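Before any questions on how it binds or moves, here is one chain, the form predicted alone, in structure tokens.
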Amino acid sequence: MNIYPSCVPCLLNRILYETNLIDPSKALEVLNEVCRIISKYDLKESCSAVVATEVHDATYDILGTRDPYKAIKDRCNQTAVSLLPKAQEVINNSKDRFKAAVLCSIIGNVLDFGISSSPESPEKLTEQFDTLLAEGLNKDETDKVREYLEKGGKVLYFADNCGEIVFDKLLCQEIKKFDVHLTFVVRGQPILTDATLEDAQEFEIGDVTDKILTTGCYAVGVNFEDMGEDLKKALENVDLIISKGMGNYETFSETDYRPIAYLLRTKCEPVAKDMNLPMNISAVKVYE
């Protein structure tokens, strides 16, 4: 996805957010470096995730930490675990377990911090869960996803945030009821609130999937030039990609990988506009 004008102030606000988490006194130093980096790019031709990756990398260096969101990520995971029995009950009581699991996993995509649409805290999801559940899928192409799963083959599931990964596990359990080989992909290094191999291992994602891979690099979404060889080979022989969240959309939308099913909350105007969807909805959209 090419960068939109509103992506720039959003990125600066996110940088300030994570700076305030670690050391507010470094805010001007961080902003000075970030503005220098942004000025290098021709924003008319730049991918939003590529710019964001370099900006966050520089910010983390100045702050002296490679994981400024660590405490928030832990709280996201704890909140999701507390909601796990409710989500499982929703799926168990649904006439369409697969669609219910998809919805629960997308509700988990709310757990994203440093953007204007973020909840006040990870714990806020406890109050929002029933409302988001009742709202349902405003863009619903789960039947298309199901059609691909019914064909069998190889599926790559690209995870997004911590906390959200807890609900992803429930969806993976339903996906494995189809005759597919399911590979779960997390970030190669900590970035933003995204899930890493450590999170996948903590929640035993390997128990409900056939394989776990990482992107093999530090990047918002996926850096297709620097990704690991195992992931590169997996993408060459995939029958369906399931992509969670906006960061993955920002990078995959720059490629020709198909078919791909995007599962996300449209939490920012540029992504919503790029996908031709309304803001703040739960969406499943398939590109073929």
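Position 1 is the first residue in the sequence shown; the rest follow in order. Computed from a predicted structure; not experimentally measured.
The same protein has a further form, the form predicted together with another copy of the chain, not shown here; the description that follows concerns it.
Enquirer: Is L12 close enough to another copy of the chain in the predicted complex to count, meaning some heavy atom within 4.5 Å?
Expert: Heavy-atom contact with another copy of the chain at 4.5 Å: present for L12.
Enquirer: Is the gap between T255 and another copy of the chain in the predicted complex 4.5 Å or less for some heavy atom pair?
Expert: Contact check for T255: no, nothing within 4.5 Å of another copy of the chain in the predicted complex.
Enquirer: Quick one: does N32 come within 4.5 Å of another copy of the chain in the predicted complex, counting heavy atoms only?
Expert: Yes, N32 sits close enough to another copy of the chain in the predicted complex that at least one of its heavy atoms falls within 4.5 Å.
Enquirer: Are any of the heavy atoms in I38 no more than 4.5 Å from a heavy atom of another copy of the chain in the predicted complex?
Expert: Close contact exists here: in the predicted complex, I38 approaches another copy of the chain to within 4.5 Å, heavy atoms only.
Enquirer: Just give me the single entry in D42, E225, E229, E236 that has a non-hydrogen atom within 4.5 angstroms of another copy of the chain in the predicted complex.
Expert: Only one listed residue qualifies here, and that residue is D42.
Enquirer: For the heavy atom contacts within 4.5 Å of another copy of the chain in the predicted complex, list the residues of 1 to 36 involved, in sequence order.
Expert: Residues within 4.5 Å: N2, I3, Y4, P5, S6, V8, P9, L12, N13, L16, A27, L28, E29, L31, N32, C35, R36.
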